[in-house]
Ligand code: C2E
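Presented as structure tokens, the chain that follows is alone, the form predicted alone.
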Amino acid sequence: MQEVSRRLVSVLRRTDTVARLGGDEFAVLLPGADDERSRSVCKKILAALDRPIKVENLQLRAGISIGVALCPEDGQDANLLMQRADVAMYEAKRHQHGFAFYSADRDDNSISRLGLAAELREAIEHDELMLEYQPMVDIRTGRIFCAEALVRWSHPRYGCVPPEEFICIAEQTGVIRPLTLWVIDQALGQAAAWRRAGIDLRVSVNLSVRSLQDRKLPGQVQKLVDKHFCDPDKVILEITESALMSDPLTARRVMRRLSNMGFQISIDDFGTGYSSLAYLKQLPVDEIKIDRSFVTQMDRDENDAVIVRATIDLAHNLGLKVVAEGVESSDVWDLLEMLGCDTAQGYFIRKPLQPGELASWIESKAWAGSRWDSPVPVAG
């Protein structure tokens, strides 16, 4: 990152500005630059970063995608220009063009994406989103001890908007901070309501890449914990491997603060990222979640089974618990039990449910004593 910074500065004028936004993202401000000047700068940046970067004895290459928004053509408000440059950057990344200029005509989704971001912010402010919860089971005892909170958005015009779509929009447009805090607030409130009803469940909440770059997050989360009189030990915060590697130093600091507050930390989608084992050992992690891509077919794919077995052994040797997500059959359940996996999650156990449905299912004791040797019927 330091060498990338130096190379960016080397191709710019003294009147230009380079700023690191966080993680591996930089912004460049070119006063008075028109289309031609901007194209020239983009080409210079690409050429400068095409040369290998030597780190100790390694020759590394930094992949780069550049998005450009022009003032006043694409807007005169700084936030709007940043958003549109971000849209253009993702366009360049999708098509591997190196750089792209913002164009509403070329990017058919750009206007709707920005509009959807504004509607998402309003949905958060007016509590128009909802959470569903997917139960997690202790494989050894069969006890339901936790539920993962999954955000849902029923849009008045578009219907059910997939989480992977609107969360991506939230991250690109800065709405991810209020969205994350809304989810944590609702999940803590629900955990408190379950506790009052005599249902002892931990809740698991996902944190995004942007959340781990937000040094204000721990303090904001502490206020929500105090609001709901919640024990942080009853909350698991899930963090993806890719989020860890985006800005490792800030991520580590934020994670340590959250861990010191008493939260359990889980690495989600484990096996799909690029974190080193040495780095994993340095983090205040309590558990890892093996990505569903390795779990779902492990009864039929020997390579998947080997990866799952190795991951379980690694985690246990590091003193970590292991969650297998994507459990969809009794054969996979039996394999996980044989390999000593700690926790299972997936449609074989139960699909995500609304809070009342999950509470009724638990209180009915329909699952009690089951070894999950046959799929539990799903209501509705």
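Heads up: residue numbers just count along the shown sequence, starting at 1. Note that this is a predicted model, so its numbers are computed, not measured.
What comes next is about the form predicted in complex with this ligand, which is not displayed.
Asker: Tell me which stretch of 280-288, 83-91, 120-128, 159-167 has a heavy atom within 4.5 angstroms of this ligand in the predicted bound form.
Answerer: That would be 159-167.
Asker: Would you classify residue 137 as touching this ligand in the predicted bound form, given a 4.5 Å non-hydrogen atom cut-off?
Answerer: Result no; residue 137 lies far from this ligand in the predicted bound form.
Asker: Is residue 346 one of the residues lying within 4.5 Å of this ligand in the predicted bound form, judged by heavy atom distances?
Answerer: Yes, residue 346 sits close enough to this ligand in the predicted bound form that at least one of its heavy atoms falls within 4.5 Å.
Asker: Applying a 4.5 Å heavy atom distance criterion, does residue 67 contact this ligand in the predicted bound form?
Answerer: Although this ligand is absent here, residue 67 would stay clear of it in the predicted bound form, with no heavy atoms inside 4.5 Å.
Asker: Closest heavy atom of residue 208 to this ligand in the predicted bound form, within 4.5 Å or not?
Answerer: Yes - in the predicted bound form, heavy atoms of residue 208 and this ligand come within 4.5 Å of each other.
Asker: Quick one: from 299, 214, 269, 74, grab the residue that has a heavy atom within 4.5 Å of this ligand in the predicted bound form.
Answerer: The residue in contact is 269.
Asker: Just give me the single entry in 150, 188, 258, 175 that has a non-hydrogen atom within 4.5 angstroms of this ligand in the predicted bound form.
Answerer: Looking at 150, 188, 258, 175 one by one, just 150 meets the 4.5 Å heavy-atom criterion.
Asker: Could you list which residues of 314-339 come within 4.5 Å of this ligand in the predicted bound form, counting heavy atoms only?
Answerer: The stretch 314-339, when checked against this ligand in the predicted bound form, contributes 325, 326, 327, 328 at the 4.5 Å heavy-atom cut-off.
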